[in-house]
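Below, in structure tokens: the form predicted alone, a single chain.
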Amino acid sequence: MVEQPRVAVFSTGGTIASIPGAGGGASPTLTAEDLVRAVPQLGEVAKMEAVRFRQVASPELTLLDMIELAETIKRAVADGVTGAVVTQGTDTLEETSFALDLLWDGEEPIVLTGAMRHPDLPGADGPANLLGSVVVAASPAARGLGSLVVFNDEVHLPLFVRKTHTTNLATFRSPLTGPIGWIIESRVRIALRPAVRHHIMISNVGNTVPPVALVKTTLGDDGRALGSISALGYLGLVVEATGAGHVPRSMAEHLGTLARKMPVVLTSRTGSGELLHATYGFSGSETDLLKRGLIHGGMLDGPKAKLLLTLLLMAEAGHETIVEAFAAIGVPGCGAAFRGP
């Protein structure tokens, strides 16, 4: 008889764990044990272990939480766990999955999932998403893929996935690539695999995270807020430019000045597609901004670029290493994996 794989479920809270309280509003109350107990079919897939890691709404999760979670999963794997599932709120799931993917270099999959409808609502999707996630985490087909997002019977890579709707059950989409796999009749189908994987080692974790600002460019923006970035103590900046990497002329000089003091990463506010390098030449164009020292963010959106820059600063990466990391991770499949600093 073939021994079942061991899958550990790490709960952090979120809608999947929320039930209405005395005031009527739902809040994260259910633990990992509660979630696993509610889906008896999980026992047919794997030997289940339940770990209550956090009990919060997902906006309360931090990068330090993800670093600790990655270490906790590492210890579980060393103890024989063959796959991990993380349940959390969907609001920040695209960010936490990306952070875990950068922090994790093991072969064992880490699958993140959640729910759009809490357990007391008709058609609650949490149990099905949890079952699908355990199926993926237990599957040999998922080994070597790193961190994954499983939702609505689809398998997504954190690098590409986005939460695209406030309430729709199919909110998680990967605009550039689509899902890399799916679940059918409790079987996993992986149609695509990432060309490379990337890893950032954080050796000295303190109690603080290097502050990185995120600024979105809008119509008629004059850039006056940029003058406060340094004074407020930020160590890096990500700017979500319009279109393929453009800002108003009035912002360009401010950004160039900041780029001489700290890493400033250029991304697009569109949420899909890769920045241009040298198509337009006006003041505030992508060509102009890159000449002023801004770092090309590739296809990363603002939140993911902020995560990457923050992790690099935590790893005490120098400017050249930061540029190298964004060139490798922001333009997937273009070359060798980034495994530094």
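A residue's number is simply how far along the shown sequence it sits, counting from 1. Fair warning: this is a prediction, and the values are worked out from it, not measured in the lab.
Not on display, but discussed next: the form predicted in complex with aspartic acid (ASP).
Visitor: So in the predicted bound form, does T310 come within 4.5 Å of aspartic acid (ASP), heavy atom to heavy atom?
Guide: Residue-level check for T310: no, no contact with aspartic acid (ASP).
Visitor: Does aspartic acid (ASP) come within 4.5 Å of any heavy atom of S11 in the predicted bound form?
Guide: Looking in the predicted bound form, residue contacts with aspartic acid (ASP) do not include S11, since no heavy atom lies within 4.5 Å.
Visitor: Would E95 count as a contact of aspartic acid (ASP) in the predicted bound form, using a 4.5 angstroms cut-off between non-hydrogen atoms?
Guide: Residue-level check for E95: no, no contact with aspartic acid (ASP).
Visitor: Can you tell me whether D91 touches aspartic acid (ASP)? I mean in the predicted bound form, with a 4.5 angstroms heavy atom cut-off.
Guide: So D91 counts as contacting aspartic acid (ASP).
Visitor: Considering aspartic acid (ASP) in the predicted bound form, which of M314, A57, L63, L35 comes within 4.5 Å of it through any heavy atom?
Guide: Selected option: A57.
Visitor: Counting non-hydrogen atoms within 4.5 angstroms of aspartic acid (ASP) in the predicted bound form, say which of A115, A99, V136, L266 makes the cut.
Guide: Spelling it out, the residue with a heavy atom inside the cut-off is A115.
Visitor: Heavy atoms, 4.5 Å, aspartic acid (ASP) in the predicted bound form: which of 83-91, 256-264, 142-150, 100-108 makes the cut? Say which one.
Guide: Stretch with heavy atoms near the partner: 83-91.
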